[in-house]
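So this first bit is one chain, no partners, the form predicted on its own, shown in structure tokens.
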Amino acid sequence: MKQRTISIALLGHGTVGRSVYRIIQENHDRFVENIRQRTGQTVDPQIIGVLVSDLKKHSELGAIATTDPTRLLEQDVDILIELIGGQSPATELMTKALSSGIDVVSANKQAIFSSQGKLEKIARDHHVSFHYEAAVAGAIPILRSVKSLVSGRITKIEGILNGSTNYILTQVAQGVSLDKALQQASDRGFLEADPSSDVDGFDAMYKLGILTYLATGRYPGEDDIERVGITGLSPDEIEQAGLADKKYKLIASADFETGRYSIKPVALESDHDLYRVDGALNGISLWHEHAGGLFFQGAGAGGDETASAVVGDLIDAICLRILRCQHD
């Protein structure tokens, strides 16, 4: 009996996109078996097209590479993986896919936050799934965890959600000047050419907004979130923190009891859960009325690390699509 093919379109073949492509190819048989165990169906997941910016730079992809997203989506696509980042054209492409009955997996925190729930609504209206575990905290399954805590209210979330600034502030705590730590982060590829999204707190703000939506059912607006970046920290403030055995961390905080949201540098005491979350790691503390306090730590970025969350979402999307088709 011929296997049914699940056709996957991949938007983006950068650091994360390359990892996603490789992991899917290398683990194909294992994924087929996992899907069979979960759905009772045997299917063949295949990447049928990859959107790239320059065909010459991605020649190893052969005929499946394209620079034309419209042409890619005109194929018989079941699932779209969006990894190009930014608000446009990513939002428009995800909107088009969802509206056409295509399930979407994304790691795009900016587009998801900026849509303020519109992408989720389009998915519901067209009876498809929209997954974005990789948009927040990389490899940490924090969105799955938040969604699973349905027995009661989440009262507060506090975390280090940006690995780039955490690396910088870890260097600062070790005696490196802020300017030099910024340069080191840039040299190691932790910062974009325009680092403002990281150092001014926008990246963490997008992620905090997504966490808030999953915890409460609504997105806070950008104006609802106090946002202070790390570049305003003075040498004196940094020195005084070190003398008091404190560390500055860029803390994202959502207090659902008071409705207060913030992204700002905080000098943490040594007994704080996030005090020892160093380098490019992310850490998240969460309080739930029945489960109590929960703590998560892990890689918040990186090709394979982020791809692990993307691929997990992909397998979920395939299983949901199969089960949905069985009941149609």
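Since the structure is predicted, the reported quantities are computational estimates derived from the model, not experimental observations. The first residue of the sequence shown is number 1, and the count goes up from there.
The same protein also exists as the form predicted in complex with a further copy of the same chain; that form is not shown, yet it is the one meant from here on.
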Give a yes or no for K57: in the predicted complex, does one of its heavy atoms lie within 4.5 Å of a heavy atom belonging to a further copy of the same chain? no
With a cut-off of 4.5 Å between heavy atoms, is Q37 one of the residues that contacts a further copy of the same chain in the predicted complex? yes
Contact flag, P89 vs a further copy of the same chain in the predicted complex, heavy atom cut 4.5 Å: no
So in the predicted complex, does any heavy atom of G293 sit within 4.5 Å of a further copy of the same chain? yes
Pick from A241, V228, L149, V77: which residue has any heavy atom within 4.5 angstroms of a further copy of the same chain in the predicted complex? L149
Just one of P195, P220, G85, P141 has a heavy atom within 4.5 angstroms of a further copy of the same chain in the predicted complex, so which one? P141
Only one of 273-281, 46-54, 255-263, 59-67 gets a heavy atom within 4.5 Å of a further copy of the same chain in the predicted complex; which is it? 273-281
Taking a further copy of the same chain in the predicted complex, which residues of 284-317 have any heavy atom within 4.5 Å of it? H288, E289, H290, A291, G293, L294, F295, F296, Q297, G298, A299, D304, E305, S308, V311, G312, I315
